[in-house]
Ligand code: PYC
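Next up: just one chain, as structure tokens, the form predicted alone.
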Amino acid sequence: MSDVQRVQVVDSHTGGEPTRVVVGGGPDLGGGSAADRLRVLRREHDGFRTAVVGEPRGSDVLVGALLIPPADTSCAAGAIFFNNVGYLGMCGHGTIGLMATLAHLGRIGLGEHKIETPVGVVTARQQEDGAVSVRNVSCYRYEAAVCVPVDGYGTVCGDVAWGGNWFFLAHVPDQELSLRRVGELTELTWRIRRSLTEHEITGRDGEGIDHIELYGPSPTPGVHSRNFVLCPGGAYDRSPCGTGTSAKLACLYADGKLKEGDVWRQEGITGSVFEGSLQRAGEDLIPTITGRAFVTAESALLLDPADPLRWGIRQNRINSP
């Protein structure tokens, strides 16, 4: 067993969406910012990503967070987020799960803490009731009313927005957003994503739009909207999606439907709810997302050199669900 690599992890879920935080046994990524170390992880240790979140140890829905020492000394921690097909600049539900994990381990207390991510420093507040409020990176709507033809459906129109990841947000009124229709909704959102790629519709500077968000009314009293979010690797988000809610807030603000300080209650496909609000900081629009995570497990992943699937089952899910 001396050659077996042990990777210490803590699992949690945020509104049903799982996060696996690597707290020990990760690769040496050297110094520099979280963005610098993400580049090293992607270039030299991508097998570690698939070992942690890919089958047979993980699943398509699992999001990983590699805990790293922050280069910014004002931060309590640094984190690199990843999933079954690649890396995430920022992850709202993952940051809430990370905070719950750090609190569980006794590494943070109540109050405000800064977390260094590859897209910048985010601030999160650990509250007495266990909820976490994440002050995200700035969000904005990039393009409004973008229409694309979707095979087998027709034309779909939506907004392109940034909330820490790139989103295409569309209201498709004839589609019931419910768990019993996950298969149909997944197929539709994959077709929308393929159409965006085929028609070269991107975020700023040609960045790919890898999250598709459908939204509509919620049947829950006091909740403003329900969404269905397709993540980059083909799995749907079990939570209301932190970065997706941030992008939604930016679109509402741009349309004059949400004012600074207003609280928006966003429901995910499983019925869990995030609360979001916006504040202006100069030219930036800063979203704050509040949700709650629960720690579900502490364990060690074993990476045995004799295991032919030591580095997980590597797959490409870009072109089909």
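Keep in mind that this is a model prediction, so the values were computed, not measured. In this text, residue numbers run from 1 along the sequence as written.
We do not show the form predicted together with the named molecule, though everything after this point is about it.
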Next on the checklist: Quick check on this chain: which one of M99, V134, C91, A247 has a heavy atom within 4.5 Å of the named molecule in the model of the complex?
Outcome noted: C91
Checklist entry - Within a 4.5 Å heavy atom cut-off, is H211 in contact with the named molecule in the model of the complex? => result yes
Item to check | N165 within 4.5 Å of the named molecule in the model of the complex, heavy atoms | outcome: yes
Checklist entry - Even though the named molecule is not shown here, does C231 get within 4.5 Å of it in the model of the complex, heavy atoms only? => result yes
Checklist entry - Taking the partner as it appears in the model of the complex, which of 238 to 246, 189 to 197, 115 to 123, 72 to 80 has residues with heavy atoms within 4.5 Å of the named molecule? => result 238 to 246
Checklist entry - Within 276 to 291, which residues have a heavy atom closer than or equal to 4.5 Å from the named molecule in the model of the complex? => result none
